[in-house]
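The chain below stands alone and is given in structure tokens; this is the form predicted alone.
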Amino acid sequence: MSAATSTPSATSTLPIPSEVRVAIVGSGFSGMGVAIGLLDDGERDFVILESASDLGGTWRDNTYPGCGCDVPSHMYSFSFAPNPDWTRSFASQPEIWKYQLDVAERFGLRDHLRTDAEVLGATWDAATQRWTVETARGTVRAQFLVSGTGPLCEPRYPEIPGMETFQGTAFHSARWDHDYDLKGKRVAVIGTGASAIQFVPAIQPDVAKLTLFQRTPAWVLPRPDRPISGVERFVFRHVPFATRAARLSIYVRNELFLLPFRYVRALRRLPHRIGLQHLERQVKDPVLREKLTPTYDVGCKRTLLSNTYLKSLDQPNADVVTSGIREIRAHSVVDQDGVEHEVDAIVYGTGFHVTDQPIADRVRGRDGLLLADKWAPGMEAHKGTTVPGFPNLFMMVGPNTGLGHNSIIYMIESQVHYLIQALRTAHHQRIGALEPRQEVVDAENEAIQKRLQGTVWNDGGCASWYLDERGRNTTLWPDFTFLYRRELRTFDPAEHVVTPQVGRPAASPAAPEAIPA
């Protein structure tokens, strides 16, 4: 199994506290960032509730062959916890998970972590101004609830007739079956997203036959990956400014991608040309090359980086089927042309529930309102973080905070700063409950949708997981990331419905000024 080695921990045996000031759901980058922000602010009265047996979230769960990040390593890390020891410019999954484990130890997060504690439901009690959080290991009450589950936690499977009749081995890339050896097997891959781009070239040399069922070809650009030398790592370890400079250069370069994506449509010709040249170099078969040529703008779907994916499909044991899938049978996949492809295994590379996050089915706010029902017309939140009708709830990586051009960790740190400001305000003004005003959220989200008009994500000529079933982009932030950070610099009580504290005051941190940002 390709994964980092976790430090043995007794977190699953630690009891669930009966009451805390803050309950954090999930222990990926979002949950970790919130926990570190609370500790840095002097807050100790919190718990991290994790459904799995260890922390890490997406980077713990996705262990498929070839798994790695498409954001350069020095940008895909906390700004307050740089890692001078990245071995490649684009880190692999084991290295990223190891980084998370190291950060958890460095900041003492395990004292607050409770594993094997899946959140089954959370209900707001207006009388006590507390969330009652039911977990697989007991109940905890919290004044503030933070969802750090993120949008890439629950695998999405396609709806294909006959899926349940397949008698071979089938699994989703996010739940890779490492006990099943694909070597010498006939393998069907359904889906051509970011995960498939990575695991297809990893398994193609070993399988007897690889049949890729492609609905829409992806834009694949060269991946500028290389080893980071020992000399460079020495400099990063001993010259602190070096890691900050590397991070800044990556950040600026990534922000520039917004120019063709949002501001200067004519600039889209450049990545388009780079993508076509890359395809031509990698694929010699003209028929296959035509199948793999997108007809939409670069960036409309998630832009993928690989030096091996396209080449792996131009091999004798690989076949790309573009007619669609009619049904799945006991030992085969039948395409829309009626051709039956006999297979031993099926790997679903079909992504995650992004625009219908599963946590929404478990959270009930004011008057018993289910978050999934609140979001039935489409996900919306104030600054991508708080939701009307759900007092004291904070959504990390919430609606319209995703990115098509830079590192999500930058957005997470912006949200952490905002959350700490909100909690400080609640303490100093003796606020027991706060939630954004509906009219504020309506106006804000109308403005976001207007800013998304004309961007490549909305009008690039494709259908993507950025858009919900109504065609609204409830996923991406439409502008430069520093503008999002500026909007979250301060917490404004006037934008919220605030209720004075009832009963005894909640425990409060000493409130030093340092906040990770």
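Just so you know, these numbers come straight off a predicted model, no measurement behind them. For every residue, the number given is its place in the sequence shown, counted from 1.
If you look for the form predicted in complex with a small molecule, you will not find it shown, but the lines that follow are about it.
Shown without its partner, this chain lists Ile190, Leu101, Leu210, Ala117 as candidates; in the model of the complex, only Ile190 has a non-hydrogen atom within 4.5 angstroms of the small molecule. Contact with the small molecule in the model of the complex, judged by any heavy atom within 4.5 Å, is made by just one of Ala196, Leu313, Met396, Ala426: Ala196. Only one of 357-365, 196-204, 432-440, 245-253 places residue heavy atoms within 4.5 angstroms of the small molecule in the model of the complex, namely 196-204. Residue contact check for Tyr64: one or more of its heavy atoms lie within 4.5 Å of the small molecule in the model of the complex. In the model of the complex, His178 stays away from the small molecule, with no heavy atom inside 4.5 Å. Residue contact check for Ser332: none of its heavy atoms lie within 4.5 Å of the small molecule in the model of the complex. In the model of the complex, the small molecule lies farther than 4.5 Å from every heavy atom of Asp45.
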